[in-house]
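One chain comes next, on its own, written out as structure tokens in the form predicted alone.
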């Protein structure tokens, strides 16, 4: 069973369409929900946590319908996008208070709050008022409260916004380790390269619709109208171009000094055959990169 199953989800805000027959499933592990601002990411997450109910379609989260489901809420951790916190509280008191509201006794809430702040490396600042926290520290505090009750599913809405490099690295480390502890994660973001650092499994959303889902490489392979681009550095660009031009799947070769830009219709065949070609022709390769082999290129091809 998938962690989340959405089928034909539609949500209206008056005359504004937030989700438009959104259909996607999310398995265990880490999945990135990516799309531009206003694509419908936050609307979908609010349906998942039961804050909103869809106007059409069906949604199942951890085997249950989420709206007004208190039992399910105890199994979810949610890190919202906004930074509005109780500034007069310390970070530790904030986390402990939310745990108390969730039913934990005072002693257990305090213990879990301290452990949560330690997890995100804020133990030295956990007794300072939240009003004095930087945006990155507030983001880490929100992650601490989302994990303090040991959820089975963690929902993160733009979790890395405003974090400094050290805080971002720590948050990524924590998030990446969660599947080993049995926690599934949904990360919503419009910053595509950050999602790529966390997972290669994505759901792409655009104008309220899920336009693609799966592994980034698999999705890229299916976009047949756009040949895969590879840039190769070599001291013998013309010799290498001659060898590559004989391959049926090579659609175009462009020269730029000692660099070749090669476009292939079959990237798997290209990467498989290239080592043999350069060895047999005794051609050295000084660099190789693919500007197409990333999430940003995949998303651009799908929406443009």
Partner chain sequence: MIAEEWGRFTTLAGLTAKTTLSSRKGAVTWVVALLPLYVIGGVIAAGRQVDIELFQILILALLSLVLVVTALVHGSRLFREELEDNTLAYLTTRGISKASLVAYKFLGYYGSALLIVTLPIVATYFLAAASTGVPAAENIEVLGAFVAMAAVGIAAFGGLFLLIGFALKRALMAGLLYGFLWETILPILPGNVPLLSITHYLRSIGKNLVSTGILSQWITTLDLFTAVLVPLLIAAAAVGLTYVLLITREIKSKD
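For clarity, every value in this text was computed on a predicted model and none was experimentally measured. Positions refer to the first chain, counted from 1.
Just so it is clear, the following notes concern the form predicted in complex with the partner chain, a form of the same protein that is not shown.
- Message: in the predicted complex, does residue 100 come within 4.5 Å of the partner chain, counting heavy atoms only?
- Response: It does: once the partner chain is placed as it appears in the predicted complex, residue 100 has a heavy atom within 4.5 Å of it.
- Query: Is there a heavy atom of residue 74 no more than 4.5 Å from a heavy atom of the partner chain in the predicted complex?
  - Reply: Heavy-atom contact with the partner chain at 4.5 Å: present for residue 74.
- Report whether the minimum heavy atom distance between residue 142 and the partner chain in the predicted complex is within 4.5 Å. Residue 142 belongs to the contact set for the partner chain.
- Task: Examine residue 82 and determine whether its closest non-hydrogen atom to the partner chain in the predicted complex is within 4.5 angstroms.
- Result: Within the cut-off, so yes.
- Query: Among 242, 37, 68, 58, which has any heavy atom within 4.5 Å of the partner chain in the predicted complex?
  - Reply: None of the others qualify; the residue that does is 68.
- Item | in the predicted complex, the residue from 254, 53, 246, 251 that sits within 4.5 Å of the partner chain by heavy atoms | Looking at 254, 53, 246, 251 one by one, just 53 meets the 4.5 Å heavy-atom criterion.
- Where, among 114-122, 88-96, 197-205, 171-179, do residues come within 4.5 Å of the partner chain in the predicted complex by heavy atom distance? Of the options, only 88-96 has residues within 4.5 Å of the partner.
- Item | Check all three, 228, 230 and 270, heavy atom within 4.5 Å of the partner chain in the predicted complex | Result no, not one residue of the spot touches the partner chain.
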